[in-house]
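Below, in structure tokens: the form predicted on its own, a single chain.
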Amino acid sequence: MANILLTTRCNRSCPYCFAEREMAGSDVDSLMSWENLIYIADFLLMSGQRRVSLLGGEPTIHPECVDYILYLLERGFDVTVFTNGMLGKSRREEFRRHLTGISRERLTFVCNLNDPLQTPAPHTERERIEEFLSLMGPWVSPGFNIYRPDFTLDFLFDAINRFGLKRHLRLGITHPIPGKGNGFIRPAEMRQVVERLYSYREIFEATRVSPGLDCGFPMCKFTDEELGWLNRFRGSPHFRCGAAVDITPDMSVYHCFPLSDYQRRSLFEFDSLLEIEEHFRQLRQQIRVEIAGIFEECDGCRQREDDVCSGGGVCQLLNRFVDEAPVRIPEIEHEIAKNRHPL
């Protein structure tokens, strides 16, 4: 899957943000240009890719966001837009006029929502999000990034029912930006997170909402009963560190947000999306040769060896390397040295 960053700017500040490095390291006015978007669309179509995600920062900040969505749809892509839903009045009106007639099979918004009690926000911010959900609800899948073990999901079920959102909840484990100290779920907290999620099983079933696990969940922290419950929903859960490719406004490519500074390359160096994915697959393998996974028992784990589970996210492994002695292979050491604090 290819992710296109329309901008590195954002109008929200989340305590767990794992895109912080990318936003902080980019020009404040960094915006995807028409020239680059057309090149990316041609590149993906030649690679046989017909699905694309638009990210930021906050993609709806881009002044031509709606035109870009319509262009990609016209080129034959199915488009997913990841947003925080904080649209201004004029942008909402643009959405109403141009996007509410698009098939929900071809256009989806994943709206990342924060718990209003655990992550308080100003009233104006909440109001904007609710107005967006009221307008685009049938096109919206709610998303939630888990950054503390005592998370709650009740507000999400309420939003699904209030605004007629899609009955699929995308759940992500927040990841560390190696060496940066953002809020994230640590390996020792994984089991607590799984137990907390499973405690909502009756509500998931009563409301007919399916849970979708994003990358980073380790399979070994689920019991057979919990795995059986997840498999009852449409689409089996996966526990692999995926091959998402992020493409920035300056045409850089990297593995994912937390690793945006790790062996970053230019899109122009590659001839196909498959070639990029293979490049990053080799990088992941290089790291996992050094350390199998986020737990000691990942070494020799049958599920990991069979590629059923990746043993946690690569960013978790690199985050461990930052605080260890510099004894890794030179290619890894060169990258993580940028994140070590001077003694």
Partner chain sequence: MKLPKIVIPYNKTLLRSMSGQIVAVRVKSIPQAAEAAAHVRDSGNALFCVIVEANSPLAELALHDGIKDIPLAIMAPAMGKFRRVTAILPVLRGGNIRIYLPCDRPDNITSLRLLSSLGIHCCALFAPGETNWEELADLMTYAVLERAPHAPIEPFEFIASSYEPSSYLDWGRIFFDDPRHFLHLDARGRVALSRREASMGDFIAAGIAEIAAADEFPAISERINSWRYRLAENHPCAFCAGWKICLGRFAPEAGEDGGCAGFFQEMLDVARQRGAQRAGGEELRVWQP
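The structure presented is a predicted model; accordingly, all values stated were derived computationally and were not measured. Positions refer to the first chain, counted from 1.
Beyond the structure shown, there is the form predicted together with its partner chain, which is absent from this document and is the topic of what follows.
Enquirer: Identify which of 94, 189, 115, 130 has a heavy atom within 4.5 Å of its partner chain in the model of the complex; exactly one of them does.
Expert: Looking at 94, 189, 115, 130 one by one, just 94 meets the 4.5 Å heavy-atom criterion.
Enquirer: Can you pick out, from 297, 305, 275, 35, the residue that has a heavy atom within 4.5 Å of its partner chain in the model of the complex?
Expert: The option sitting close enough to the partner is 35.
Enquirer: Within 4.5 Å of its partner chain in the model of the complex - does that hold for a heavy atom of every one of 123, 155 and 203?
Expert: No: no residue has a heavy atom within 4.5 Å of the partner.
Enquirer: Is there a heavy atom of residue 48 lying 4.5 Å or less from a heavy atom of its partner chain in the model of the complex?
Expert: Result no; residue 48 lies far from its partner chain in the model of the complex.
Enquirer: With a cut-off of 4.5 Å between heavy atoms, is residue 67 one of the residues that contacts its partner chain in the model of the complex?
Expert: Residue 67 belongs to the contact set for its partner chain.
Enquirer: Taking heavy atoms and a 4.5 Å cut-off, does residue 98 contact its partner chain in the model of the complex?
Expert: Taking the distances in the model of the complex, the answer for residue 98 is yes, it comes within 4.5 Å of its partner chain.
Enquirer: If we define contact as a non-hydrogen atom of the residue within 4.5 angstroms of the partner, is residue 229 a contact of its partner chain in the model of the complex?
Expert: Contact with its partner chain, no.
Enquirer: Select, from the options 278-286, 51-59, 311-319, 37-45, the stretch whose residues sit within 4.5 angstroms of its partner chain in the model of the complex by heavy atom distance.
Expert: Looking at the other structure, the answer is 37-45.
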